[in-house]
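One chain comes next, on its own, written as structure tokens: the form predicted on its own.
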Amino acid sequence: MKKIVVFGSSGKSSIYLVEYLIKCIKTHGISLHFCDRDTSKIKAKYQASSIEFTDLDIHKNKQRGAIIEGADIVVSMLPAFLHPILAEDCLNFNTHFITASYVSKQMKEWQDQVAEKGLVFMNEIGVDPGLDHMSALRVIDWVKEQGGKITRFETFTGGLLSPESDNNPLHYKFTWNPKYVVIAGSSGAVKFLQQGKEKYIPYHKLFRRTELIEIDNYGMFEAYANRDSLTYIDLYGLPDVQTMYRGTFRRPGFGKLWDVFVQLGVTDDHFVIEHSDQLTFREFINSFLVYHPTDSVELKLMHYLKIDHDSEIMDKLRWLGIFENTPIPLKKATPAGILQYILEQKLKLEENDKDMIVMWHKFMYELNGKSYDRESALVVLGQDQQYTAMAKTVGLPLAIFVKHLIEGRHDNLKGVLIPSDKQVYLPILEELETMGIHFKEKYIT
């Protein structure tokens, strides 16, 4: 009997994964072990003789090691910075390791050891990264198999609000970990290729460099560049590509608003404000502005960032409540942590809110002497706050891969991987289509 351990099984993105694997108990004769800080809710919901539950502090080495030692596959739904702790145990105990997060530098350093032991450490097999790779490569590989070549590839993904829940001036609420939304793009310059030229956008300019893209039946979206697109030229096998651009979707107007926070410096997560719990929202914003004996916080901000008093940006900032005298209850918090707290007061999902995942690819390629412009679009709507579009598109690709690993479909795979191999991504995409996760294709003339 194969044993699968899921760390972070009670997380917001885990429900589809958990329920898919529970179905595999009967069909594939597996046992499951769900681990989290508190498994009481998931334990109350799912009961079976082949399921174990453990409340676990991830930093307790002996307890964690004992659980992983008896496992065939470990799935991590924990925050990305905790993956190396589990991955190192998996390496020591000869256990496969699966996660939806980006391949970290530390994970790459284990490539030879993982391969030598014949293990699979599969990363980037959620939605973004994950579905973006798999759906793009299905088209890219098809073009190459026909003898064509890709000359341009762009891709954008957004975790947004379903249209019926879009009820605030920002057209946005937190549909996944708000910390990563607040610090998005702050890790370094964004890199991409445009018309054969390498381009770079420093963080302080990122949200000023946006473009608008329309998705049929869902309107306009604002797109901005994300991370290092250049690495995907080799990963996708596109030596002739002239434009390689990966990015994120928001609704129009988001970039101009977010740029205010970037220019102020309140998205910084690298230093602590010692007496943060003695500040109000208003005092926090004022602490990033110049001193003036009479000018208001609003006036100083408008002057500093050249914002008109009656602009939509100021209306949105007022709506968010950043100028209010509301106490901040956080001790020794970073600016980003404080901003996250402020935004969560207005941007939390309400009880009946639903989320939406939007993904869009643009391919330009040459085939048989002709040029083609092809677009692929995916829209997935959440059911409620538990069965979200985010949880569905993160959890199901991962769960399907785990099933295929159990079935022995990937016995030839080894090493630190992403789902770039056709034998991995095609059957996953095919099964996802039966679950309503499918791309609509169209050619642009």
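Treat the numbers as computed from the prediction; the structure is a model and nothing was measured. Throughout, we count residues from 1 along the sequence that is shown.
Below, we refer to the form predicted together with a further copy of the same chain, which is not included among the displayed structures.
Note on the interface: of 316-324, 71-79, 194-202, 164-172, the segment with non-hydrogen atoms within 4.5 angstroms of a further copy of the same chain in the predicted bound form is 194-202. a further copy of the same chain in the predicted bound form is approached by residue 268, whose closest heavy atom lies within 4.5 angstroms of it. Put simply, residue 286 is close to a further copy of the same chain in the predicted bound form: some heavy atom of it is within 4.5 Å.
Contact annotation: residue 220 falls outside 4.5 Å of a further copy of the same chain in the predicted bound form, judged by heavy atom distances.
Although the partner is absent here, residue 103 sits far enough away that none of its heavy atoms falls within 4.5 Å of a further copy of the same chain in the predicted bound form. For the residues 235, 290, 299, 212, the 4.5 Å heavy atom test against a further copy of the same chain in the predicted bound form is passed only by 290. Of the residues 264, 347, 328, 184, just one reaches a further copy of the same chain in the predicted bound form with a heavy atom at 4.5 Å or closer; this is 264.
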